[in-house]
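This text opens with one protein chain seen in two forms, each one given by itself as structure tokens under the names structure 1 and structure 2.
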Structure 1
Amino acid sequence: MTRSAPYQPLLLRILHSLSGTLAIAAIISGFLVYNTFDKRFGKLPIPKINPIQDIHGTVGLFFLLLLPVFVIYSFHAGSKRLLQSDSIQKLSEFNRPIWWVTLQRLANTLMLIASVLAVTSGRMMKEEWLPLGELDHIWYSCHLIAWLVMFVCLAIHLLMSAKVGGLTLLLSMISGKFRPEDNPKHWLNHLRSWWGNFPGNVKGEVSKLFENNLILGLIEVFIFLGIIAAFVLPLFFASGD
């Protein structure tokens, strides 16, 4: 019997595709930056791309600009795909379907945290550090750690998606079909309605998140503080240690 394909909201598919593409591009270009200037932990025989730092920085900036929208969606409409209040307990049910789902939720949550660390540390780095061989700056070390965590979490995310949902889940994320209520022509009206009740909507969503999952609510606050820091810190402090 063929497993029926699950339906993914159109907005989720768009945000997931954009953020996923930018995250993968940032991971690949970040490795190329390391492979060009660092090489302390090994390297690959890849031809040097002279503007690779600029390319990586541009990808990182676009990722930062999209990140607030994706974070809001993830922690509210997509909160079931993140850390749950019983996730630690579910990890004891090894090799059962819920264990694989829980592992993916943990990886998704950790990837959001690592993303904020990556964009914040990247914004605080100086472009001349790596060409000059200055590899001991704390912001660069944080950037390397964030890159590694994002790489591992992305791998877990993809593997667990294939494990739990199979090909049907993966195909549902790139499908172009959508339900009538998901039609983009309704988005402006939905946004106007939501914005008209902005204070109540925000208060209700935040209260619901904190009541149902305190840890996830605290993580959301931490991530948004990190996003704000990524925009604000470079304006007040010279990049550096």
Structure 2
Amino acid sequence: MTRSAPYQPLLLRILHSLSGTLAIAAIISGFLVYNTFDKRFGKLPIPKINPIQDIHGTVGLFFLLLLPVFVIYSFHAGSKRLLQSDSIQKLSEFNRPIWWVTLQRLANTLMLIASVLAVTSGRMMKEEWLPLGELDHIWYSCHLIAWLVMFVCLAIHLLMSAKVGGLTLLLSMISGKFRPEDNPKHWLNHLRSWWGNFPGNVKGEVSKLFENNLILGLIEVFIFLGIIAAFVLPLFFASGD
């Protein structure tokens, strides 16, 4: 029996590729910032890159701007790929295929939580701290921990996706082919009909999420509060401390 190749909706592929690339660029450029100014936990012999903070700040900011869109997609159109209401129970079915799928969904969800920790702490950082050798600010410690969490979660996310669907699943996420019904030219119509019943649709989506999957609904609220904090908190804490 031949297994049909996995198919990822085009919008997911676009949003996932953009945020995935920005997240990986933030992880790498973040490490380079650490490697230029900090080095307390080890270093790589890479030459100093002076404007690295600006580069990293720009990459991080673009990631933050895209994150709410990706989060809305994932929690609504893509909620089947995140934590399910029966996930905890499924974790008892050790080593069965559903166990691995459950771990993969957990890893997908963790990626979003880790992203929020990284962007919120990053927004509270000040450009002046590291060049002045001020390495003991609490937000910097949070941001370093967020980097570690992001790195570990990304490794788990990739390993679990590879375990569940192998290379074909990983490649399906970056493939450029799409089905006729998934053609972007239909998107405007979808959006128009969705917008036609705007408040009703939002209410329906929210109650569906909370009724079917309370934990996921709460995680979405947490993530959105985190994103709002990332935008708003720096305005109130100008000193960043």
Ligand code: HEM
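Each residue is numbered by where it sits in the sequence of structure 1, with counting from 1. Heads up, when I say rigid core I mean the largest set of C-alphas that superpose within 1.5 Å between the two forms. What you see is a predicted model; the values in this text were computed from it and never measured.
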item	value
Assignment: the form predicted together with ligand HEM	2
Shift of Asp86 between structure 1 and structure 2 at or above 2 Å (CA, core fit)	yes
Value in Å for the CA shift of Arg96 between structure 1 and structure 2, taken after the core is superposed	2.8
